[in-house]
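The chain that follows stands alone, in the form predicted alone, written as C-alpha cells.
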Amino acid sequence: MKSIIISIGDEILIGQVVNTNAAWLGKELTAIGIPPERVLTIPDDENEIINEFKAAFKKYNVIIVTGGLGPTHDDLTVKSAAKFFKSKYILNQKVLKHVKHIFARRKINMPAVNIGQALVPEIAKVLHNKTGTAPGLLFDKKGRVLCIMPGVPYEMKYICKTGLFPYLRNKFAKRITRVIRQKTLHTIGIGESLLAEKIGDISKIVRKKRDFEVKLAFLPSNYEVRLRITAIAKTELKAKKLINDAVLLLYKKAGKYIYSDDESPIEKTIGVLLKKRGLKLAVAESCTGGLVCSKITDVAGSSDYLSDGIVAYSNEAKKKLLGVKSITLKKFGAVSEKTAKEMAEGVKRRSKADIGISTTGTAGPTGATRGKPVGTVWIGFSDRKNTFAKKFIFSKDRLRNKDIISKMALEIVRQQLTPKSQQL
C-alpha cells in the first residue's frame, strides 16, 4: 500500500505559507498503514494538476490532495479533477444548504460565486466539511482513491478524521497487512554524531525479522536531537512491544540527555518536576532578554512554580536588582562564572525561591572580547544545597543563541531535579 500527498498552491511554492498539512498527513497516513512515499507541491495550474493526477494514478493506491478548493478564479483543483475523471458537474443540495447556512449565521449576504462550491463532479463522494464552505471530494476508481480537500488546516483535518480516514480503513482493511507505530524521544545538550555513537544501530539489537522491523531516525534541530522510533509489525500488540523495547534501550544508552518521551517541550518537563516537588523557581536573565521566562510561561499553570523573572541587561541592573558585586563585574566581567553565580543567588534570595537560574553571555553577532568569543555563555544555578555555573560556547547567530541558551538553562534545572539513577 502506497500513498502520495500533493499540495496545490503558489503560496506554498514561494514560501508565503508553510506546508503544515503535509507533515500532519504524513504522520496520520503512516499510522493507518498507508505511509506516503512522496510529498509534492505544485502551482495553481490546471495542466500541472492534471498531469500530476495522471502520474499519481499509475503508481499510488491513495492520492491525497489539499488546496485550491475555494470559490475564486485561481482555485482550480475541482475543475481539474472533473476534467481528469471526465465527469460532469451536479449541484449538491446538501452542500449548498450548508454554505447558505454559514453565511446566514454570520449575517452576511452570500456572494453568487459561493454557489460554485456546491457544484461537484458527479462521480465524487462528498465528504462533509462542518468547519468551512468547501467539501472534501473523494474519487474511487479502479481500486485507487483520490481525495481532494481544502488547504485550510483545521478544515482538512476535520474532513480526514470524519470522512477520509474511516473510508480508507474500511476499503483497504484486508490489504493493510502492517501496523506502523512511531514514538519520538527528545534529547538536548548532545550533538547528533555523538548521540549516534552512543546509541549505535538499534535495528540490529532489536532484531529485524521478516514479520517485524524497528528503525531509528536522528532529527537534529537547534541543540536538540529528536529520536524517532518506527516499529513495523503484523499486530498492534507486537508494534507496541517493539516501541517499548526500543525506548528502554535508548534510555539505557542515552537517558541522561532524554528530557521527554511524550512530545513535551523542555519547559513543560521542568514544570512537571517543579510542581511535583512543590518548588519555586526564579530567573535572572541578561543575554536571553526574558526568553527563559517566556518559555516557562508558555505552559498553562506555570504560576504554580515560577515566582519571579528579572531581566538585568546592564551592569547597573545586575548590581541594583540582583546584588551582583561591583568588584565581581570589574574583575571578571559580566560574562563570567562568578557573575552568573551571583545572579542566580541574587534572584533566588530576592524572590525567596527554592531555585535561581541565570543567563549571561555574548549572544552575538558582536560583543566579543579577549578570551570571550561571540557565543560565550555562562548559565548559573543556585538552590539550597549548592551554587554553580556552566560555560558554553554556541554560534554567532543571535536569535539562535537566545533560543539555545534558554533551553539549556531549563535543561540544567531538569538535570538537578532528576535523580542520577533515572539519567542512566
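Definition used throughout: the rigid core is the maximal C-alpha set that superposes within 1.5 Å between two forms. The first residue of the sequence shown is number 1, and the count goes up from there. Here the structure is a predicted model, which is why all the values come from computation and not from measurement.
Heads up, the form predicted in complex with a further copy of the same chain isn't pictured, but that's what we're talking about next.
Query raised in the report: Does a further copy of the same chain come within 4.5 Å of any heavy atom of residue 26 in the model of the complex?
Result: Yes, residue 26 lies within 4.5 Å of a further copy of the same chain in the model of the complex.
**Report entry** 4.5 angstroms heavy atom contact with a further copy of the same chain in the model of the complex for residue 228
**Finding:** Yes, contact at 4.5 Å.
**Report entry** Close approach of residue 288 to a further copy of the same chain in the model of the complex, 4.5 Å, heavy atom
**Finding:** Judged by the heavy-atom cut-off of 4.5 Å, residue 288 is in contact with a further copy of the same chain in the model of the complex.
Query raised in the report: Heavy atoms within 4.5 Å of a further copy of the same chain in the model of the complex: does residue 313 have any?
Result: It does: once a further copy of the same chain is placed as it appears in the model of the complex, residue 313 has a heavy atom within 4.5 Å of it.
Query raised in the report: Is every one of 213, 268 and 415 within 4.5 Å of a further copy of the same chain in the model of the complex, counting heavy atoms?
Result: Negative, none of the three is within 4.5 Å.
Query - The unique member of 126, 249, 321, 152 whose heavy atoms fall within 4.5 Å of a further copy of the same chain in the model of the complex - result: Checking each option against a further copy of the same chain in the model of the complex, the one that comes within 4.5 Å is 321.
Query raised in the report: Here the chain is shown alone; which of 303, 72, 177, 221 has a heavy atom within 4.5 Å of a further copy of the same chain in the model of the complex?
Result: So the residue touching a further copy of the same chain in the model of the complex, by this definition, is 303.
Query raised in the report: Heavy atoms within 4.5 Å of a further copy of the same chain in the model of the complex: which stretch among 379 to 387, 354 to 362, 42 to 50, 63 to 71?
Result: Heavy-atom contact with the partner occurs in 42 to 50.
Query raised in the report: If you look in the model of the complex, which residues in 392 to 407 sit within 4.5 Å of a further copy of the same chain (heavy atoms)?
Result: Going through 392 to 407 in order - heavy atoms within 4.5 Å of a further copy of the same chain in the model of the complex - the hits are 398, 399, 402.
Requested in this report: Compare the position of the CA of residue 47 between the shown form and the other one after a rigid core fit and state whether the shift reaches 2 Å.
Outcome: Yes: residue 47 shifts by at least 2 Å between the shown form and the other one.
**Report entry** CA of residue 327, rigid core aligned, shift of 2 Å or more between the shown form and the other one
**Finding:** Where the cores coincide, residue 327 shows only a C-alpha shift between the shown form and the other one that is less than 2 Å.
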